[in-house]
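Just the one chain here, the form predicted alone, laid out as structure tokens.
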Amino acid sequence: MKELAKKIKHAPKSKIRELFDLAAGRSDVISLGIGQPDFLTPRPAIEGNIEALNKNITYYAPTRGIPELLEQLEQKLKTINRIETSWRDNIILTNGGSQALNLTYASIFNPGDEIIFSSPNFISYFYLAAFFDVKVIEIERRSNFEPDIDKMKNSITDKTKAILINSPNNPTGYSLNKKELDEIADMVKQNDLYLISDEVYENYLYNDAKHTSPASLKDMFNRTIVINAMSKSYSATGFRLGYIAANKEIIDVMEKYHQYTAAGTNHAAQYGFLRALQMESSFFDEILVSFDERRLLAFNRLSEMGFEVVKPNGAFYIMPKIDKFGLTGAEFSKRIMKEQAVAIVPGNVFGSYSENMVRMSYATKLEKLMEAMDRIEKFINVI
């Protein structure tokens, strides 16, 4: 048999999914691995989906999405994110945030282009770059996980096409402040670049912090590709619905690729997303309070155990260093799964600068999180 596609064949399987698979069917495992909120999908989202199915809405949806949902997203972008868009020209529905990233890479990059982002960062950014022959320029984060903007500036070449930000961030929990956003926006404009802004965790901010989309900044909409999804805000990862907001030229190119690959998104689920967006945002208030409680529990317990750890100010991840325990992140993850049945993601999957870290998701019930911390303490006391 002739050789299969090298880029795909030699890409490693997702370590996060491997942990998810290992935990499946084992009642003793507590997973701090996968980024999936634990609250129930709001009832209006479920009912919107069911109502659509009862009306036999099971055929192809418009490639960009149903007009009602696109109009609702236009309104959401305007009122919440302060971004002026036209639903006909500037928004496209995608199969989750993952396909939104895929569409973005496919639509703006040519082989040999370069992308800059801080590291550690979300695993998909690396492998999509490999699939589309894009060179990744990793910029090591500072010790508190803030971006090193001076190093970013000094890394720009004539091949640089885009800077990517993910704020609040997976895996570090870091959220960019307004000053950092302004500096990054200025860098983008001065060097004629695109800015890819992954904002799927926009609602997970603590201590009264507010999310700012860079597309709302002066002269930035035409240069910014905003990526977002239903998944995290509505605990609806299985709906597989995301969206992109960008200038018309970019969306037009994305539509072509979308037509010939996925050919659209789940039709009935779009009505569920529509109903979710029509809810009062106050439904999330208690959820955020719960996640904040877990955030503080995870940080305080890990600190007490002697981990070197930065308190996250966004998302629902915490990323401690484990140097003092004499293990790499991969060794730590493998052993604690085997010895204490806790699923934790090794840091090395998130880039070149996190071999000595692990990522923990605290998007699990408080009681489970407390038990997981007890097991982690037992583990480090015997290694």
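Predicted, not measured: the structure shown is a model, and the values here were computed from it. Sequential numbering from 1, following the sequence displayed.
This protein has a second form, the form predicted in complex with a small molecule, left out of what is shown; the following refers to that one.
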property: Ile184, Leu101, Ala269, Ala215 - the one with a heavy atom within 4.5 Å of the small molecule in the predicted complex; result: Leu101
property: Among the candidates Asn203, Asn81, Ser231, Asn90, the residue which, in the predicted complex, approaches the small molecule to within 4.5 Å (heavy atoms); result: Ser231
property: Distance check, Gly97 to the small molecule in the predicted complex, heavy atom within 4.5 Å; result: yes
property: The small molecule contact in the predicted complex: Arg240, any heavy atom under 4.5 Å; result: yes
property: Proximity of Asn166 to the small molecule in the predicted complex, heavy atoms at 4.5 Å; result: yes
property: Contact flag, Phe122 vs the small molecule in the predicted complex, heavy atom cut 4.5 Å; result: yes
property: Per-stretch contact check against the small molecule in the predicted complex, the hit in 166 to 174, 131 to 139, 203 to 211, 145 to 153 (non-hydrogen atom, 4.5 angstroms); result: 166 to 174
